[in-house]
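One chain follows as structure tokens, the form predicted alone.
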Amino acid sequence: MLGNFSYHNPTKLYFGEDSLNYLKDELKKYGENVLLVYGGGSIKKNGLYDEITAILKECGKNVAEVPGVMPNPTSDKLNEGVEIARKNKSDFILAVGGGSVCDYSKAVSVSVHCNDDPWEKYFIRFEEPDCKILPVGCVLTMAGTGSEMNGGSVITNHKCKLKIGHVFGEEVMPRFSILNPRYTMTLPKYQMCAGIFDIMSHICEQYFSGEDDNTSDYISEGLMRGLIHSSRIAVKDPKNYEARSNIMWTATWALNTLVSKGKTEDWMVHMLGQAVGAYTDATHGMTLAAVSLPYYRHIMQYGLKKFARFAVEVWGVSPTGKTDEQIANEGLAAMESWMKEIELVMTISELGASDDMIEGIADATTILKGGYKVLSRDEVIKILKESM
């Protein structure tokens, strides 16, 4: 049965090709000093930067910029953004980019008025903000993380070799997000495919926790089937608007806290992938892809009925005359074939991990208790070795 829960998501979404038209109305609700946050400069090449700065100017905003937010935003970059926001008395943050830019902007939003070290407070001690929080709005350019409609923020500390996420409460969620699938079409194919698997992993990590026959599971299965279908179209035809829009919408629903309701959740794939990313700085979705199958094959026996259901309901495996174990293995084999079909990285060695990093990556892996099996450190090492 479903567990007890409350649900509220305050983020307002504008979806579609004309969604940027609503930015002006949203900006009117917030202060005059805007912190514009973006990544490596692609928004300047595709013209989006000019469109947004023109809207900001029309709205009479004083704009300070934080450019160059990297795919795995660092604690040093966080400190830089906080300094710029404080200097310019920013009272609103506009994030333009993918999930990393959105994640980063949320981290800045809770840090500008924080009297403590943000890394220590939020990402080591996992404390909640007790200071004024700057409101955030997002213009999304990549589908994958779901950061546009949740309170999550992931920051990397290179000195500590740690990559850690903090899921903040609804007060940190973006006030609004603008989702135009056209903006995602300038992404390199590698990044698109990484985003697709990030979506898949988000759903799986909520789905593979508990064996209850509940509404959250039925929604998750539908989302996964739709994602698989659209991904196959998008890989062959990256400009297919219907496929890209369905992928973008699925990404939002995969991690806006809806399908987690009534679930214990198992985020060990993310813990493993983020630890790999802390050592390699590799693309997030690809680190997840590289560790997923070794992890799921390791825990399959502890949640066998759910893995068999996954095989039948998501991958269309016929259960006739087969044991649950055979069905479950066929499902993971089907998942592996799809992963290769959409050109994902399948080993952490391809991402730059080496044998001499395994112990350190294991030490950087946070052990969670929401899944079918709580891992020991030896099991983490075994899974990492199988991921090589």
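Note that this is a predicted model, so its numbers are computed, not measured. Don't overthink the numbering: it's just position in the shown sequence, from 1.
Note that the form predicted in complex with another copy of the chain isn't included here; everything after this is about it.
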Quiz prompt | Residue stretch of 252 to 260, 188 to 196, 95 to 103, 113 to 121 approaching another copy of the chain in the predicted bound form, non-hydrogen atom distance within 4.5 Å | solution = 252 to 260
Quiz item: Quick one: does residue 373 come within 4.5 Å of another copy of the chain in the predicted bound form, counting heavy atoms only?
Solution: no
Exercise. May I ask you to check whether residue 281 falls inside a 4.5 Å heavy atom distance of another copy of the chain in the predicted bound form?
Key: no
Quiz item: So in the predicted bound form, does residue 313 come within 4.5 Å of another copy of the chain, heavy atom to heavy atom?
Solution: yes
Self-check item: Non-hydrogen atom contact residue 79 with another copy of the chain in the predicted bound form at 4.5 angstroms
Solution: no
Exercise. Would you kindly say which of 107, 223, 173, 291 lies with a heavy atom within 4.5 Å of another copy of the chain in the predicted bound form?
Key: 223
Practice problem: Using the arrangement in the predicted bound form, list in sequence order the residues of 228 to 264 with any heavy atom within 4.5 angstroms of another copy of the chain. | Solution: 229, 230, 233, 241, 242, 245, 246, 249, 250, 253, 258, 261
